[in-house]
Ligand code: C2E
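Only one chain is shown below, in structure tokens, and it's the form predicted alone.
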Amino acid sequence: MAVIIPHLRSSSARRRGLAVLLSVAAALTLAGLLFTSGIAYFLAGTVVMILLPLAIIELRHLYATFRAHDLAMREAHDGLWSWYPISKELNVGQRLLTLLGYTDNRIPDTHAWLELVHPEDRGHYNQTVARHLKGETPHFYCEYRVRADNGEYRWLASRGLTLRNRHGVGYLMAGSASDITERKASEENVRFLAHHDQLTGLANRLLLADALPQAMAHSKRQGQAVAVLFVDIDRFKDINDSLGHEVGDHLLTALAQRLRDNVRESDIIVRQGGDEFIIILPGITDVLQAHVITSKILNAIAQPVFAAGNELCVTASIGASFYPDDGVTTEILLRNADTAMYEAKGAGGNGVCFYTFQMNETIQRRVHIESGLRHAIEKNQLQLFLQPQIDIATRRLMGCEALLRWKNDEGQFVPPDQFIPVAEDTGLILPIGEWVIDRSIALLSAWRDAGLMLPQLAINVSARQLWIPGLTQRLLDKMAKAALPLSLLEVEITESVFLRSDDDSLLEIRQLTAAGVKLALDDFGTGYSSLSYLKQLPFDTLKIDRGFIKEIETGRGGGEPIVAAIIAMAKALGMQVVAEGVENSNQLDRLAQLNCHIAQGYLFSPALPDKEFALRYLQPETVGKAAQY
């Protein structure tokens, strides 16, 4: 609420003062006129006796008004002030000086006051005063910063009114000033929280909606480009799910600080959500600038982060788009950067990819696959095909591997190398993996009920499934319910499991093997594992990747020495060896010479639908018993 001080030059005070002056003047004039007459002394004395008490009363009232004004200036809660626009004289109450920390009045006039007003607020302050003096606003009100005695700036809210003469010209402005520094800090905090991520302190999507168009407009005026980087942390969800949100939050906070440390001061970092960040790089003159920044970001993120006793090593996939070449709207730029990021992730992560028009086709195909895959189970579109594993020496069936196939809405089989990576990235591999387990157990049960010979069945289990506790117990419960021996089941894992070899993952694996489930290491030699895991974990089988088998025949790439070394090592550790992708007799003969145990590939049979596999490879245990299921 505005507090307007009473002033000596107010209208009521003026009238009283004028009355006193007129009374005295009239008395003296009358006395002068009558002085020469005989009754002069009498009349003069009479006038003085009548008017002097009135004058004294008025002077006392004026003095009381002055004291009240002075008391208000000194003791009011708000700082009071009065200002004469013509003379520029400024009267400041003690309270206002106290608010600013001044012990004496250093503000005698307008010039001295404006020296204290923050340079950024000075123009707004002057305009607000001028508008009120011109009569454009009924009241004066302005919020601005003023330098205090300690050099810091305090926020003040000044309110006032102007007294005007009969010509409408203001000759006095008076009012109050309140310290609103705390309120401004609170408002700023609210604005910050509305536009920033609470965990990392980075900008959020709301601020992004304003910042990116501004950067584009500025760069357009300067004839420069804007780079938009979409940064996604590789495999963050696995860490978050397995080690907990507290560890995940610690990791995100550390990575956010690394992003700050490796971009320019003018760049804007936004946490899009989860483990996704967007970085706006304004003022880009060539692609090389963006490449240098992205390289610094990748190197910084790849450094270990220590949280709750864990050493966390992650990488990032970065997609980049450029204004105006790759889009002239925020929506298109962000979408294209996102597209490029998925291209980088599809290439194995820990890299950067710059947007090209051809990427749209790839991402559209990926989106189409993901959309269809989400409903594949409920639409009964998934199937298990089985590929036999043959003893090289005896040509006898040793087992089979269950391979997932998906026939989409168009009735076409989608290649596994297209839909499996999508399932891994989106987390759909978890429900699909459960379906594979259930279907595999159902097949074994059906074959048993049909009286068929039961082969060992190998199923692939993804790293994601092992990183989430509970897989072992679910699998054991399902096998027990079906009354099937655990020795019939072999679980195949890839070396990607060891990307994050925490105790929970290794415990799941050990529980499986301790219960009697066979364990195979698939695609050995192509991943990231340490040989020490071959000693730590009780693997029964090593599977040699098809790439090495192909090199046996061509003689290129050192395939044969690698295969020979794997076979020798497996034998020394008491493991069987399965060679994958055997396609011709030359490869098979060379594997036999190297003492490989088992072969799997098109030379014997492609993967077959379960019924066809049973008819071709599974003989009845009892002659004449029906083989239908």
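Note that the coordinates shown come from a computational prediction; the quantities given were computed from them, not determined experimentally. One rule holds for the numbers: they count along the sequence shown, beginning at 1.
Missing here is the form predicted together with the named molecule; even so, the following discussion is about that form.
J.: Looking at 90, 429, 334, 314 here, can you tell me which has any non-hydrogen atom within 4.5 angstroms of the named molecule in the predicted bound form?
T.: Of 90, 429, 334, 314, the residue with a heavy atom within 4.5 Å of the named molecule in the predicted bound form is 429.
J.: Tell me, which of 368, 131, 124, 405 has a heavy atom within 4.5 angstroms of the named molecule in the predicted bound form?
T.: When the named molecule is considered in the predicted bound form, the option within 4.5 Å is 405.
J.: With the named molecule left out here, work out from 176-184, 316-324, 395-403, 214-222 which stretch has heavy atoms within 4.5 Å of it in the predicted bound form.
T.: Looking at the other structure, the answer is 395-403.
J.: Taking heavy atoms only, is residue 496 within 4.5 angstroms of the named molecule in the predicted bound form?
T.: No.
J.: In the predicted bound form, is there a heavy atom of the named molecule that lies within 4.5 Å of any heavy atom of residue 560, even though the partner is absent here?
T.: The answer is no: residue 560 has no heavy atom within 4.5 Å of the named molecule.
J.: Going by a heavy atom distance of 4.5 Å, is residue 465 a contact of the named molecule in the predicted bound form?
T.: Yes, contact at 4.5 Å.
J.: Is residue 461 part of the interface with the named molecule in the predicted bound form - any heavy atom within 4.5 Å?
T.: Close contact exists here: in the predicted bound form, residue 461 approaches the named molecule to within 4.5 Å, heavy atoms only.
J.: Would the named molecule in the predicted bound form be within 4.5 angstroms of a non-hydrogen atom of every residue among 387, 436 and 582?
T.: Spot residues vs the named molecule: full contact, yes.
J.: So the C-alpha spacing of residue 298 and residue 417 changes by 3 Å or more in the predicted bound form; is that change toward closer or farther than shown?
T.: Closer in the predicted bound form, by 3 Å or more.
J.: Might you say whether the CA atoms of residue 317 and residue 428 end up closer or farther apart in the predicted bound form than in this form? Their distance differs by 3 Å or more.
T.: Pair moves closer in the predicted bound form.
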